[in-house]
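A single chain, nothing else alongside it, follows as structure tokens in the form predicted alone.
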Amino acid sequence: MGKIVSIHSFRGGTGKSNAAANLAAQAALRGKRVGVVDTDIQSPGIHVLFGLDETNMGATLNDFLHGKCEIEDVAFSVGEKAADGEGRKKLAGKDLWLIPSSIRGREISRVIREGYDVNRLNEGLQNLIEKKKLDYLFIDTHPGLNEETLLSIAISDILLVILRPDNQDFQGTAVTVDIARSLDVTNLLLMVNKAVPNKYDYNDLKQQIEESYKAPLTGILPLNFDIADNASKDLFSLRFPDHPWSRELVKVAEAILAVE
């Protein structure tokens, strides 16, 4: 049975979706069968990194949640339809499926207004793992803590919590870590993103974070204008594999794949 990897942050703006997309891509490059699901239904965005828009998206997670299709009907084969982009083209022929959320305003409004059945979501994720014979299913969660996020955390084999090096993120991450432990998450990993270069001693920051949360820090990704300039046009770690940001992200990917 494949592993469920939830990518989460207590606040928005941590680069969670960008990290989730790149981590899933790195796993696929290493020969793994990978799914990635955008459960940030209120503010979806991971589809952009894989070159999808409203014209080529097809069925969405919303359609599945509203009983209009099966979840495997939503799965977009990135390997078969690798979009333009120097980085994304490296996924051609790889076993990677994206389950996007709708970017239509009326569908987002419906979710905000009515919510959805989290049990159906759970069943769908398990069915997706079985139908596609996935090694890993990456879940891009909604930031913060709500019923849907708690479900994602509870069913995770691995939870990667992303934080920025500031006091609000430190406090919010403490809450997230406490809840994850109360839900018996067995493998809790941490990743720092948007660390200002030369502002922190990375060894000291690593020691501080690991002592505070009693969990391994798998990578410290630097704040970099190259990432901003990429503007979600491509998968950065595939397009620029030798960039310091990419090298740190690969460390995180390897830590996830090393979990038994």
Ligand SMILES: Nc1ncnc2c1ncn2[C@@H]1O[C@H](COP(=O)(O)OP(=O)(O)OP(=O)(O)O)[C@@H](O)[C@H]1O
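If you're wondering where the values come from, they're calculated on a predicted model, not measured in any experiment. Throughout, we count residues from 1 along the sequence that is shown.
There is also a form predicted in complex with the named molecule; it is not shown, and the following applies to it.
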Within 4.5 Å of the named molecule in the predicted bound form by heavy atoms, the stretch out of 51-59, 23-31, 206-214, 219-227 is 219-227
- Item | Distance check, Gly172 to the named molecule in the predicted bound form, heavy atom within 4.5 Å | no
Quick one: does Asp40 come within 4.5 Å of the named molecule in the predicted bound form, counting heavy atoms only?
yes
Exercise. With heavy atoms only and a cut-off of 4.5 Å, decide whether Gly13 touches the named molecule in the predicted bound form.
Key: yes
Although the partner isn't part of this model, could you tell me whether Ser17 comes within 4.5 Å of the named molecule in the predicted bound form, counting any heavy atom of the residue? yes
Heavy atom within 4.5 Å of the named molecule in the predicted bound form, from candidates Gly124, Pro100, Pro143, Gly87, belongs to Pro143
Contacts from 146-180 to the named molecule in the predicted bound form (any heavy atom within 4.5 Å), listed N to C, are none
